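The chain that follows stands alone, in the form predicted alone, written as structure tokens.
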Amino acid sequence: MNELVLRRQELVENPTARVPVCLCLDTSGSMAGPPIEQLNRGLQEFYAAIKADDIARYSAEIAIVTFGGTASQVTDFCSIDRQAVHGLAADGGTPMGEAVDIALQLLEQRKKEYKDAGVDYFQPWLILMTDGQPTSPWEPVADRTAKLADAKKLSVFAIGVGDGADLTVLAKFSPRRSPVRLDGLKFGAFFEWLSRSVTAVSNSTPGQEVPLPPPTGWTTV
């Protein structure tokens, strides 16, 4: 059975309303060393926390896109129990625009699959995390992302890592929620907050306004 058929079958067998979350992560050369190590550790803790909640485990769907040298899809949306995230490696430039474009395509495709299967879903989330500036054209995809956010069709969370992250660029992707800067290398604290936020949404009803936990303990603000 191919992957697409399997993912569609999962929707039939588990019609729980979904929370699609796409992580768009900078894995460029400047992330080498402690930053990529802490990012990988935070990802493992994130998955473990989602799996530990009985509702989020069947509601949350995670896709990962990285941008380091090239933009690459690491995982696509599917049952979180079937996903195995291996360690990410840091290398190359920062093709942020291409990565976000892939992320938007993945989200649109999964939304279509939800609709075709009659499965309800929450507003998709895009987590954009970078420690630098784009090294290739990014303005057109930033404009598309901002329009989706303004239309309340996408929730964008833009995170800058270190002093080299350009929050002005990140703000172009996220007009409704100001970008924030990670406090040091507190990836674990960020992903702990993200897991609690996803769990809170998972335990609600699509269309319901859900207050997220305050972003304390992991930002410089």
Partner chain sequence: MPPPFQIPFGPDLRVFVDTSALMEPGADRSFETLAPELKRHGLKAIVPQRVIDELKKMTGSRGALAAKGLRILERLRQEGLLDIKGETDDGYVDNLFQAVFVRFRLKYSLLLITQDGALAQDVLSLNDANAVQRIRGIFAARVAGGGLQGWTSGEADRARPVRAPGQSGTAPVPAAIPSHHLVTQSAALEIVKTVPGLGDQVSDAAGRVHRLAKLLGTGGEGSAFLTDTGMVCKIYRADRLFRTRLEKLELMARNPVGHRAICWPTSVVRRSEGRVGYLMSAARGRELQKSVFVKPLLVQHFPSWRKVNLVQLAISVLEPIAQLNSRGILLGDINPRNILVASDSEIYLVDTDSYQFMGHPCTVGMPPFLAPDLYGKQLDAMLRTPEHEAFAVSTLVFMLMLPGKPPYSHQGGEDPAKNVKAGKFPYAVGDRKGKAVPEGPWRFQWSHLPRYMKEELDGVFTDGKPLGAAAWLDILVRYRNDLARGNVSNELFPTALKELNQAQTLKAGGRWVPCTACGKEFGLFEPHPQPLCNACKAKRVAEKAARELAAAPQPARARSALPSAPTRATPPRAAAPRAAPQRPAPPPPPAPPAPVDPLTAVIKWIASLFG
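Residue numbers count along the first chain shown, from 1. From a predicted model like this one, the values you see are computed outputs, not experimental measurements.
Below, we refer to the form predicted together with its partner chain, which is not included among the displayed structures.
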Please run the contact check for Ile55 against its partner chain in the model of the complex: heavy atoms, 4.5 angstroms, yes or no?
-> yes
Examine Leu106 and determine whether its closest non-hydrogen atom to its partner chain in the model of the complex is within 4.5 angstroms.
-> yes
Although its partner chain is absent from this view, report whether Tyr121 comes within 4.5 Å of it in the model of the complex, heavy atoms only.
-> yes
In the model of the complex, does Asp91 have a heavy atom within 4.5 Å of its partner chain?
-> yes
Does every residue of Gln9, Thr16 and Gln73 put a non-hydrogen atom within 4.5 angstroms of its partner chain in the model of the complex?
-> yes
Using a 4.5 Å cut-off on heavy atoms, which residues of 168-201 contact its partner chain in the model of the complex?
-> Thr199
